[in-house]
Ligand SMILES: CC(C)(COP(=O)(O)OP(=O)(O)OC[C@H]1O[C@@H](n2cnc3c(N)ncnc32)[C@H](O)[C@@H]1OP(=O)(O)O)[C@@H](O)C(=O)NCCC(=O)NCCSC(=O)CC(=O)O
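This document starts with one chain, in the form predicted alone, laid out as C-alpha cells.
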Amino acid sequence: MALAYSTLTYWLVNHPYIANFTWTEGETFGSTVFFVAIVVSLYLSATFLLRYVVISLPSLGPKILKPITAVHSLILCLLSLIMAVGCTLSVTSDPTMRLFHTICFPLEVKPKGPLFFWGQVFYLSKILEFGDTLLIILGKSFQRLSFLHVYHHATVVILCFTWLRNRQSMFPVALVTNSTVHVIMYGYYFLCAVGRRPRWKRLVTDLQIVQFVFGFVLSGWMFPEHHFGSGCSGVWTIYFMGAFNGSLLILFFNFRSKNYANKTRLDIGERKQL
C-alpha cells in the first residue's frame, strides 16, 4: 500500500514536469482569451451546422458508433480518475498545505505547481469532452442535444480558463468533485456502449446536483475569510462561477424532474394497482 502511494505521488505530484509546472498566460497552451473564444465559437458553430447537415446523411449505425463511444468514454473515465487522484494527492502529500487552502488560496499565490498542472489538464479535458456532442449528432440522438448539454459544454471551458487566469480559490475542490462525478458518468456511458446498461443512471444526475450544492456550502465558508480575514485569491470570479453553477443547478433539477419524476409516479401507480 505504501509503495503504491509513493509511486502515485511521484508520477502525479512530484514528477519534475508536474512539480515545476507554471501556468503563464500567452505561453502555456490554450492560455489566451483568443484561444478560448475560438474554441467555444467553433464548438457552437459546428454543433449548429452539423445538427442540420447530418439529418440528410445516412446514419453510421451502432456497429460503428458504439466502439467509438466506448473508447471515448473509457478515455475520459480514466482521465477523470487520474485528475481526481492527482489533485487530491497534490493537497494531501504537501505538508505545507492546509485543507482550508484548497478553498481559499492566499492572495499572493502563484499559478505554479501540481494544483495548477491538474487545473490545466482539467481545462483541456473539457475541450476533449466536446466529443460527446459530436457522437450525439452522428448518432442522430437529437433528443439528447438539449440546451443544458450545449450550454454546459461551452460555458465550462470559459469557467476553467478563468480558474487558471485568476488563480481562483476553490478550484481544487471543484476539480476533484467534478472529476469524481465524471468517473461515474463516463463509466456508465462506457458500459452502455459495450452492451451493459447499469440501473444507476439517475445517480449521475443526482451527483451533479449534489456537487453544485456542495460548492455553494463551501462558498459560505470562504467568503467570511475573504471579506473579514486575510483575503482569498480570485474571489471575484467565484461570483461568475456561482451564477453559472446556479443556472446549471436549475437546469439539472428541471432535467431530473422531466426524466425521473414522472417515471417515479408511474412506478408508484403500477405498484398500487398490484
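It should be emphasised that the depicted structure is a prediction, and the values quoted were computed from it without experimental measurement. Numbers for residues come from their place in the sequence shown, where the first is 1.
The form predicted together with this ligand exists for this protein as well; it is not shown, and the discussion that follows is about that form.
Chemist: Since the chain is shown here on its own, which stretch among 148-156, 77-85, 94-102, 107-115 would lie within 4.5 Å of this ligand in the predicted complex, judged by heavy atoms?
Modeler: Going through the listed ranges, the match is 148-156.
Chemist: 89, 164, 176, 136: which sits within 4.5 Å of this ligand in the predicted complex by any heavy atom?
Modeler: After the contact test, the surviving option is 136.
Chemist: Would you mind picking the one in 205, 237, 219, 31 that has a heavy atom within 4.5 Å of this ligand in the predicted complex?
Modeler: Flagged contact: 205.
Chemist: Test of understanding: in the predicted complex, would residue 10 fall inside 4.5 Å of this ligand by heavy atoms?
Modeler: No.
Chemist: Heavy atoms within 4.5 Å of this ligand in the predicted complex: does residue 140 have any?
Modeler: Looking in the predicted complex, residue contacts with this ligand do not include residue 140, since no heavy atom lies within 4.5 Å.
Chemist: In the predicted complex, does residue 211 come within 4.5 Å of this ligand, counting heavy atoms only?
Modeler: Flag for residue 211 set to yes.
Chemist: Taking heavy atoms and a 4.5 Å cut-off, does residue 124 contact this ligand in the predicted complex?
Modeler: Contact check for residue 124: no, nothing within 4.5 Å of this ligand in the predicted complex.
Chemist: Who in 228-258 is close to this ligand in the predicted complex, meaning a heavy atom within 4.5 Å?
Modeler: Heavy-atom contacts within 4.5 Å come from 252, 255.
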